[in-house]
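Form predicted alone, single chain, as C-alpha cells, below.
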C-alpha cells in the first residue's frame, strides 16, 4: 500500500461552526472519523504546519511546507496538502518553483464547506486527492470538484459553487468520474534528479490593477518605494492608457531606468497577453515592460518573488529567467 503524508495548513476544510462563524478547529485529528474510506486507499500520516485562514498564509508558510515535504520525501509516495481556497493558487505556484527535481505528486485541496458539515465537498476532494497522490504524477497540483489542475495555472473563480477553481489556459492533469482519467501528455516534462528545495523569496513585489482614469501620479509615487518588481494587470491583451495625461508609459520607462522590472498581465481570465497586438501594448513593450504571455497574474507575482529571492538585485538575470517556463507556468 502506498504511503501518503497529509499536510494541514488550515482553511475551511478543517473549520468548525462556532457562534455563527467559521473558526479553525482541530479537525485534522478527526479526519479518519469523518472520512474512514481513505484508509483503504493508502497508509496515511499527518503533519500540521498551521491551522489558519489562508488569507494569513505567507512566504514563511511556503518554506515550512517545502521543508516538511523535503524531510519526508523518501518516506512517502505522495503528499496531500489541505489548504484554504483563497490563497491556494499562490501556495501551489510557490511550491512548483521551490520543489526543483520533483518526481512525486504534491496535491493541494480544500473545500468550500467544512469537513464536519453534512453537505460538504471536503470528503470528495480529500478522497480523490489522496487517491491521485498514489499515482506517478510529478506535479504540484490543485484538486477540486473532480479535476486535477497544474497548480501554477489555476485561478479561483467561484466563491459560491463547489467548482471553485479552473485552469483557463492549460488542460487538466486528471479527471475523476466513474473512473480516473490521467492525462500524462499534459504532465510537466521534468529531468530526473534529486529533490532540491529553493527557499528564497522576495516580498518587494507589487501588483497594480489598472482601471479607467487611474491617476498616474499615484503610480509614480510607488517608484520611491523599495519595490523591485511590478505586475501591472492591464486590459485585454495587455493594453494600457497611452494618451497624454493618462499614459502609464512614463511610469514604465522610469521604473525600468531605476532597474526595476515591470511585467504586464491581463484582467481577462482566458487568453494571453500580446503586447504587439495594439499600439497601447506596443508602447509598453517599447518602454521596457515584459509580457506575461498566458501566465496568470497570481503566477506572475509569485514568479517575480521567487526570481528576486534567488537572484537579488541582478535585474538582467530576473528578466532572462522570467521568459523561461520554470515549472510549466507559461507557454511562450
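All values derive from a computational prediction rather than experimental measurement. Positions refer to the first chain, counted from 1.
What comes next is about the form predicted in complex with a small molecule, which does not appear here.
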*Which residue, 228, 167, 112, 239, has a heavy atom that falls within 4.5 Å of the small molecule in the predicted complex?*
112
*The unique member of 86, 233, 117, 131 whose heavy atoms fall within 4.5 Å of the small molecule in the predicted complex*: 86
*Report yes if any heavy atom of residue 53 sits within 4.5 Å of a heavy atom of the small molecule in the predicted complex; otherwise report no.*
yes
*Based on heavy atom distances of at most 4.5 Å to the small molecule in the predicted complex, which listed stretch, 38 to 46, 298 to 306, 53 to 61, 281 to 289, is the contact stretch?*
53 to 61
